[in-house]
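The chain below stands alone and is given as structure tokens, in the form predicted alone.
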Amino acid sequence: MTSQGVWRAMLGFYLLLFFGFLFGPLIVMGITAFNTPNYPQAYPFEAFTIHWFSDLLGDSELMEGLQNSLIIGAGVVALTVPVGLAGAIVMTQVYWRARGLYYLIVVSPVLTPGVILGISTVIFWKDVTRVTDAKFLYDGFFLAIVGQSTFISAYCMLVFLARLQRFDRAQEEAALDLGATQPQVFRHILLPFLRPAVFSSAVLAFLSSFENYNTTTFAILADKTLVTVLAGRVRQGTTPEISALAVLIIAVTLAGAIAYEALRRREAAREATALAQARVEDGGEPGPALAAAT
């Protein structure tokens, strides 16, 4: 055997171990969701069944936690996306010598442990409630949304910053020279350019909120999310219902990823076609983008 053959064999063995370690637990959990034993069992496979999915839908505690997670996730998206966008725009407008300090301040929540964020959120808003007598502020849902948003908004800001680095400021200047106002420039020029970043940051914010445990377990107070319910269940021993839930979450995630990729490719092809047509109308030769699009 040659050295090239040994290298390929070692690389193949490494890839097998890597993907086995990565997807092995998911495959085993997927098998246990369709096996009949009451305890998660992949082998021997006794009989195919889907009654664990019906039992999952009938589990009131898990369904309540899932509903709470969806509500909190929607609230986090509604709060973090505008805050992240504002933070990214300020980052591009602030004096360049102050950008390092500003960046350190707005990104610092990402480096703070979630336990500290959760406890500090509860203590702060408890004192605010005591002073203002606004008892609705000391609510598990509100505290969870605010506590998670303290660091998730920084993630969103980083997504917007990466997109803004490719933005040509000459477009804004040209629109202002033609008489457009700042709100019009933001609505008709900057926001359409940031549309992919808005979608990406919204998905990132929702997924980060949905799977968060450290901050949520302190900020949620007496309420429960899906993650906190699952943590309590796993301490007592896992069940096929949890495997069924994992299969549903994986299926929804894959469907969302496939839909996003399809829409992204369609949008890219549409933009390439429009650009190629514009070049042809200007008297230029159709470039490779037009050939690829057709």
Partner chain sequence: MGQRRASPCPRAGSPVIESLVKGLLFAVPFVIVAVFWILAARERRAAADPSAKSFLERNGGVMAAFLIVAVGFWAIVMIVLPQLYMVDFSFHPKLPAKDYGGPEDHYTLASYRYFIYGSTEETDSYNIVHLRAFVLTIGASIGVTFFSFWFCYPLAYFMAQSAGPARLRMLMLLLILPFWVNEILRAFAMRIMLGTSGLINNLLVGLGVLAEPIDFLGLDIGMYTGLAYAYLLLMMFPLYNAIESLDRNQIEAARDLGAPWWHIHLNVVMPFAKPGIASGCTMVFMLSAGALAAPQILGGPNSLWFTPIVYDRFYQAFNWPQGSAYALILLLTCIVFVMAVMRVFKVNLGEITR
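Everything numeric in this text was worked out from a predicted model, so none of it was measured. Positions refer to the first chain, counted from 1.
Unshown form predicted in complex with its partner chain; subsequent notes refer to it.
Relative to its partner chain in the model of the complex, residues Val107, Glu261 and Arg265 are all within 4.5 Å by at least one heavy atom.
In the model of the complex, none of the heavy atoms of Leu56 sits within 4.5 Å of a heavy atom of its partner chain. Contact check for Gly87: a heavy atom falls within 4.5 Å of its partner chain in the model of the complex. None of the heavy atoms of Ser201 is located within 4.5 Å of its partner chain in the model of the complex. The closest heavy atom approach of Thr132 to its partner chain in the model of the complex falls outside 4.5 Å.
Of the residues in 225 to 251, those that come within 4.5 Å of its partner chain in the model of the complex through at least one heavy atom are, in sequence order, Val227, Leu230, Ala231, Val234, Arg235, Thr238, Thr239, Ile242, Ser243, Ala246, Ile249, Ile250.
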